[in-house]
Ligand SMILES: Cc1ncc(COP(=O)(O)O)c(C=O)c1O
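Presented as structure tokens, the chain that follows is alone, the form predicted alone.
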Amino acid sequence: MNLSERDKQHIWHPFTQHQLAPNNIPIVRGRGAILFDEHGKEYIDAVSSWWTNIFGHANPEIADAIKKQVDILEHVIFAGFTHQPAIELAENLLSILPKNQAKIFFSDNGSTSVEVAIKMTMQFWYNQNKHKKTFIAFKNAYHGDTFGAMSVGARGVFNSAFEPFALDVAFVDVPTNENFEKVIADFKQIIQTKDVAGFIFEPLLLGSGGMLLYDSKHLNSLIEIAKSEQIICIADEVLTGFGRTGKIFATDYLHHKPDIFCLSKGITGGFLPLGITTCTQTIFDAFLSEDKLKTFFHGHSYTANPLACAAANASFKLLISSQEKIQELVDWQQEFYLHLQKNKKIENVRQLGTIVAFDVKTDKTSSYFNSIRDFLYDNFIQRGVILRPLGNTVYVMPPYIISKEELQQIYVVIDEMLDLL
């Protein structure tokens, strides 16, 4: 029995309707931007393995850091104990985050980093006997699949079974030049009529919502209003962090800085799961008390795992030393963006930093469930390129270390596919 058959017999995959799904492709090794299946076929990873792998598969610097750490300390409980990799990572992150960030809280992934931020915000007010429960979020947002993170994401088919149990969330449209006055009015109306605890957002780019871009000036205005009303602002930089937008963080484009950051995905270079939630000293201080009931009662068995922290520290060093390479990728993507604008079969071509996205024109509305998705995905895979369309939205988000030749091959395959439509 081959790997695909063994997989099908035992494994339940994420975001997969197994009644309709073909066999999953068994990947046996990776190197740089290339993945290899059990038959030796090569695939260019044009989506960085769900946006995590920023410095290439089997990156030697990160692999070596993990190997060294394995022989020193694999794990230790993080309540009552600490260790050097976690301390070093906290210092590294605070050196590149906005100056208002003071404390680092560890968890396991992007969804839990958001869950921590939500609980941190709610308890911040609870500890002061102010029972603020409403969050403001954008329509089309995605923040994860745990209950709090799911609550502040777009309501729809992905979470309809759980909607009766969701938190109180008021949604506003993603701001544009055309609707911004209405968004501001709606935002202020929510603040006036509800006890708002926090405002959570994916800065400048809504990823799973369809790679939707919006302007930093609009987000700046919303944060300014929120801060004037003492509303905690939460930046979900799980996708946008660590260079994706052309700056280290998307919020580096902003004048007004969030109170809380959620980080994951690229933090370990795609090697190991790790979530980080950072906050200001003011938020941390609200949990300091002689009363143990004001403790933040949240934790995970593998909190601040030393292997993951070692990987993240190695990835941090690569991030700092790779700014020219990242800019080179931004420039290459800019050229492709300009090329795509000439194609009449697509629309809404957009770019932010290392990311290019566009919508394929169909006779149906743009949607995650647009039927063209499977046609596109299957044909990309057959041509040895891993592109995972969000319905009729195609995006290219490769590792920073991708060669120009590999990137050009992705572009050729996209052009070939568009010619078939």
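Small disclaimer: the values here were computed from a predicted structure and weren't measured. Residue indices: 1-based, along the sequence shown.
Heads up, the form predicted together with the named molecule isn't pictured, but that's what we're talking about next.
Enquirer: Do G110 and the named molecule come within 4.5 Å of each other in the predicted complex, heavy atoms counted?
Expert: Judged by the heavy-atom cut-off of 4.5 Å, G110 is in contact with the named molecule in the predicted complex.
Enquirer: Are any of the heavy atoms in K265 no more than 4.5 Å from a heavy atom of the named molecule in the predicted complex?
Expert: Yes - in the predicted complex, heavy atoms of K265 and the named molecule come within 4.5 Å of each other.
Enquirer: Spell out, yes or no, whether the shortest heavy atom distance between D259 and the named molecule in the predicted complex is within 4.5 Å.
Expert: Heavy-atom contact with the named molecule at 4.5 Å: absent for D259.
Enquirer: Though only this chain appears here, would S208 touch the named molecule in the predicted complex if you measure heavy atom gaps against 4.5 Å?
Expert: Yes.
Enquirer: Work out which of the listed stretches, 189-197, 142-150, 91-99, 292-300, brings a heavy atom within 4.5 angstroms of the named molecule in the predicted complex.
Expert: Only one stretch passes the 4.5 Å heavy-atom test: 142-150.
Enquirer: Which pick from A314, A250, M120, V238 sits with a heavy atom within 4.5 Å of the named molecule in the predicted complex?
Expert: In short, V238.
Enquirer: Hey, which residues along 193-207 are within 4.5 angstroms of the named molecule in the predicted complex, non-hydrogen atoms only?
Expert: Counting only heavy atoms within 4.5 Å of the named molecule in the predicted complex, the single contacting residue of 193-207 is E202.
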